[in-house]
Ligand SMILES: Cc1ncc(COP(=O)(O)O)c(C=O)c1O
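Form predicted on its own, single chain, as structure tokens, below.
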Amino acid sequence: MRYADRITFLEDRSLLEAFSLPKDDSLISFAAGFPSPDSYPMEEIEEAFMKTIKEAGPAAFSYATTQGLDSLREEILKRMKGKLKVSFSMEEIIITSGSQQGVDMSGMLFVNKDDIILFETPSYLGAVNALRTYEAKLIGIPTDKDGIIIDELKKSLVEYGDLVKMIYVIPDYQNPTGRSWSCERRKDFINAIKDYDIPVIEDGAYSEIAFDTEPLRPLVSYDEKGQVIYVGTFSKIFSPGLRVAWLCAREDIMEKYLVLKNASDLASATITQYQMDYYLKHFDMDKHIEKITTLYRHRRNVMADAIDKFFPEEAKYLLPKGGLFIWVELPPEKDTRELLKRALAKNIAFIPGSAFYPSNRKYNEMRLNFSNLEDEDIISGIEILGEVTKKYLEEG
């Protein structure tokens, strides 16, 4: 069989493997970035579906418009204005089938072969894989605890010039590190890019999963030029299986996205759009988010306490203030791919940090997900992984 050349760019199967680990009761997996099924408001979801079928009738099972259900888009825009202090018009929002589709369509829209995409590093593996298929060169920009390092960003903008066609970032409680950009870093970022005609994809998947503070203003709220494209989703704060997400961009850009969306899948699933719209109109999403952040804050603390107790002192991490992950760094000469082999032998899984680098990979880090496990599994899994890590480090 003769395959397209682009398939060769998807050599890292870490995310695929995280989704397809065997359903073995003895396996404790910190690998996947799933929200907890305990967080799904099942009674409200059932009511929303039943009411949708009764009230919308056949319309819920027909094609929606390519742009998406008008009433759902209105609800999302109201939430964005209230929660994020960002105003878009109805012509500037489209419903997508998960935020991954928004990222993928952005690659289709802006990137040609041999163009350059800038990423903060490390970055979301799903976006790295999606954008790598467009045969672009992916360049990582270093980060620190406050976000992307602006001086390094400026160097790359100067070095690569017109070859830079896109920047992809996750400013809030990012996947994989859990770090969140400071307000000052957000402002500095917008100032650094405003003289360039480059689209910025702002992935806001984790923006409302904030444990200790209110969500910070997104990059798009500082953007006066209209070059930031905002991608949002209900997958992490409500239910990933519904695949209801959205993308906001200025109107002239959105016209191009609509053409791509129509060519890609015609329209997103109608019944899930109706269901999501019903939920937003009849239930309190903010109260629901408060419940899930309470759950995830607790599980973060359980994992952090277990790491402090069972991991060797050489293992370093910063306590995330939101999101779903703890990012652990081992001494630079160590390789967490080797550690994973040893952990799997003890029925423990995680994703090695090297998978999250678009370029200039580092091999001494790992991502641990805390959202999708009960307390006892977190504690016992971290205890086993801690022992495996100690033995690995002691080998010198």
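The first residue of the sequence shown is number 1, and the count goes up from there. Predicted model only: the values in this text are computed from it and were never measured.
Not pictured, yet referred to below: the form predicted in complex with the ligand.
Among Phe119, Tyr230, Tyr279, Tyr124, the residue placing a heavy atom within 4.5 Å of the ligand in the predicted bound form is Tyr124.
With the partner omitted here, the residue from Gln273, Gln100, Thr143, Ser180 that has a non-hydrogen atom within 4.5 angstroms of the ligand in the predicted bound form is Gln100.
When contacts are defined as a non-hydrogen atom within 4.5 Å, none of Phe311, Arg342 and Phe370 contacts the ligand in the predicted bound form. Of the candidate stretches 182-190, 156-164, 169-177, 74-82, only 169-177 contains residues with a heavy atom within 4.5 Å of the ligand in the predicted bound form. Although the partner is absent here, Ala205 is a contact residue: one of its heavy atoms lies within 4.5 angstroms of the ligand in the predicted bound form. Proximity of Ser235 to the ligand in the predicted bound form falls within the 4.5 Å heavy atom cutoff. Interface membership of Arg243, defined by any non-hydrogen atom within 4.5 Å of the ligand in the predicted bound form, is confirmed.
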